[in-house]
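Given as structure tokens, the chain that follows is alone and in the form predicted alone.
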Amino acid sequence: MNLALWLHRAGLADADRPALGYGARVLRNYGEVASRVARLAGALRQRFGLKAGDRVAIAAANSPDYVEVLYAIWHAGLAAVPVNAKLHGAEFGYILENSGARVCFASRALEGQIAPHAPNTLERLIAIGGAEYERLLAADPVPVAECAPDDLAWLFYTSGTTGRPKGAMLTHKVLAAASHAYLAEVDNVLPGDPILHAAPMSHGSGLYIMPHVMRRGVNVVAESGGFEPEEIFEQFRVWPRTSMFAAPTMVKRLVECPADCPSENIRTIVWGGAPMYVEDARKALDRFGPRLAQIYGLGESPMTITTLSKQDIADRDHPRWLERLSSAGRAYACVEVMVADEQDRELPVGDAGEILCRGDVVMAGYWRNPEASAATLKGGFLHTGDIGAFDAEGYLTLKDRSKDMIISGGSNVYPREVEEVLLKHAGVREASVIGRPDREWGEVVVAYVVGDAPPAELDALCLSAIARFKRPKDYVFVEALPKNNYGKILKTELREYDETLKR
């Protein structure tokens, strides 16, 4: 089952129905998009000689063309490698090399950033919308390639605590199951319904492209390509029944925006990527009404572990409404979820432990990393590294992360990567990075440093090697870092100490 068949069928049966929106206008219908995709796919197979299963990267900001490139990759029987457009050039280079991508489609603004770091395995770097890209659209179309359910569709580079991102292998079956789950339990999409991509299409928002194509919806991108609250409200005004995926910090900014918002035109605002403060959720409900839904998932089980429905969020009269509002909701119907102890034994209601899940929405494993795959999928369950507890009604509350992941503004930051950069400075003897709770961003990155390096130099060092959003927002200089008897830094003690600094 090739995901590209959904678009191909839409192009045949609903050729005149709007498919892509840009700003306030319909850019292309399904017939046009299906034709362009078939020609791009033909160029990938015939001109570049790519074979089934080869990887093609997309390093691009949001644009309507993103949808066409993604589907062209699948149409040709290839695997997509969407890359966060906010990354540093060196980070692009690592993902391109690790994935073995032979071709990379990039935003024109990112070409110069990627090219110096491109590995030898990358044969072509193509600017989306450029002259070469337009020539590809003149290629002969090819039929939709046959794909097995377990063939790789999306190589999702997700963060961890080991310093380098790992590629979660999402198959056609995984993405199809996640798409059906979204339609069944989060958002009822009707033909013509829009989804506005304000969050990166390389990650959460992009995963909702597929269910909207399946249901003949419209994938819409604002002209800025990003997130500006006033522009988002204008998009709601011109696109009735719009849905949008957003990180909690984005929802908070929408709530605080003084501009007039036509809430009646919002179908659903789905938040995910991090928990939202109950107070912020209440304010969002006051501002937008019963149009909010929450999802909990990882890149390894894309957006699909638990969900808190629009009905639960809006049900103020329920005696346990606030408790439910603070939870991550209930397990999707398509996945088993349990809370387990260190021996993977299921824990009783109310006890906190690691969240495990299994089902068709769980990744096939990590790309070229059998050791990490075996550890994460031990016993057939995905080990999330998140700590949570179920209540008696099946609502899951997230307690903490057993890993040291920092989630800032919906983007993942793994401390070791930042620490390794800081330790390159001659004035840094030791460094440990933690997340500090922040009402706007969820968490901000804070570095504890033993040494005498000027913060400005540490900022410059970070900006030369990693993405801007990973740079520490505060440096705390200490005489020594807390350690156990084995010399391991005790981040729990650092977090406790950091909490006292805020008082």
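The model shown is predicted, which means the values in this text are computed figures rather than measured ones. Residues carry their position along the shown sequence, with the first being 1.
What comes next is about the form predicted together with adenosine monophosphate, which is not displayed.
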message: If the cut-off is 4.5 angstroms on heavy atoms, which of these, 118, 175, 398, 331, is the one near adenosine monophosphate in the model of the complex?
response: 398
field: Proximity to adenosine monophosphate in the model of the complex, single hit among 144, 274, 364, 128 (heavy atom within 4.5 Å)
entry: 274
message: My question is simply whether residue 203 lines the interface with adenosine monophosphate in the model of the complex - judged by any non-hydrogen atom within 4.5 Å.
response: yes
task: Using a 4.5 Å heavy atom cut-off, state whether residue 187 contacts adenosine monophosphate in the model of the complex.
output: no
- request: Answer yes if any heavy atom of residue 408 is within 4.5 Å of a heavy atom of adenosine monophosphate in the model of the complex; otherwise answer no.
  value: no
Adenosine monophosphate contact in the model of the complex: residue 390, any heavy atom under 4.5 Å: no
message: Please tell me whether the candidate spot formed by 82, 84 and 170 is one where all three residues come within 4.5 Å of adenosine monophosphate in the model of the complex (heavy atoms).
response: no
task: Specify the contacting stretch among 87-95, 133-141, 102-110, 296-304, defined as having any heavy atom within 4.5 Å of adenosine monophosphate in the model of the complex.
output: 296-304
- request: Enumerate the residues of 1-25 that have a non-hydrogen atom within 4.5 Å of adenosine monophosphate in the model of the complex, in sequence order, or give none.
  value: none
